[in-house]
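Only one chain is shown below, in structure tokens, and it's the form predicted alone.
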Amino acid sequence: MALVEAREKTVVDSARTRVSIRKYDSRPISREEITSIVELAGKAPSAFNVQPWRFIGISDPATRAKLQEAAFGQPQVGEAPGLLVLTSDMKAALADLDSTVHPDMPQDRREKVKETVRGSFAAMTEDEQRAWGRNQSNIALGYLLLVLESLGYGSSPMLGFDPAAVRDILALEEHVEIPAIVAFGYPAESGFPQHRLPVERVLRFVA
């Protein structure tokens, strides 16, 4: 699989400079590029390595128009060259633990890990499982935004949408969570400069 070629920023630079971009130029983004982007975002860690996230790439104009309406008219949903819907599917993830338990483990240890994972989630309600999967998928969202920035794309993560409408448009099952919609492309605006709390406000040490 070919990787996106132009890596213009380090991860550190990307964290320091990333802002939300809602206007993009007309350069298209290929399925190959999107596949490479998602492959990198999927390197995100998750507890038990369960990896509940699933990405849906949207290119069909009619589907985009429906999603834009479901996202309360946000124009970047219909106009951005790239559009990904991030979902979390715990049922699919737990049904395929063979794919996520490390293959280099001895078989007896693999079976023990799978038993531990199944037991942990069996103690949860479905709502708790869904919340857990959403929280883990937000780690992948953070990776996605840094990957996009590091490769020279601008992005706009959106939580402002009607989940039920998006679920209906994409024919998603009821248990599937939708943490975010992400529009992206080559920036056609600068966006607002970063404005963040100073580190002293968000960090404290316990002696």
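Counting begins at 1, following the sequence as shown. Fair warning: this is a prediction, and the values are worked out from it, not measured in the lab.
Just so you know, the form predicted together with a small molecule exists too; it's not on screen, but the next bit is about it.
141 is the sole member of 151, 141, 176, 29 with a non-hydrogen atom within 4.5 Å of the small molecule in the predicted bound form. At a distance threshold of 4.5 angstroms between non-hydrogen atoms, residue 160 is in contact with the small molecule in the predicted bound form. Within 4.5 Å of any heavy atom of the small molecule in the predicted bound form lies no heavy atom of residue 16. Not displayed here, the small molecule is kept clear of residue 136 by more than 4.5 Å at the level of heavy atoms in the predicted bound form. For residue 194, a non-hydrogen atom is located within 4.5 Å of the small molecule in the predicted bound form, even though that partner is not displayed. Shown alone, this chain has one stretch from 68 to 76, 97 to 105, 121 to 129, 84 to 92 that lies within 4.5 Å of the small molecule in the predicted bound form by heavy atoms: 68 to 76.
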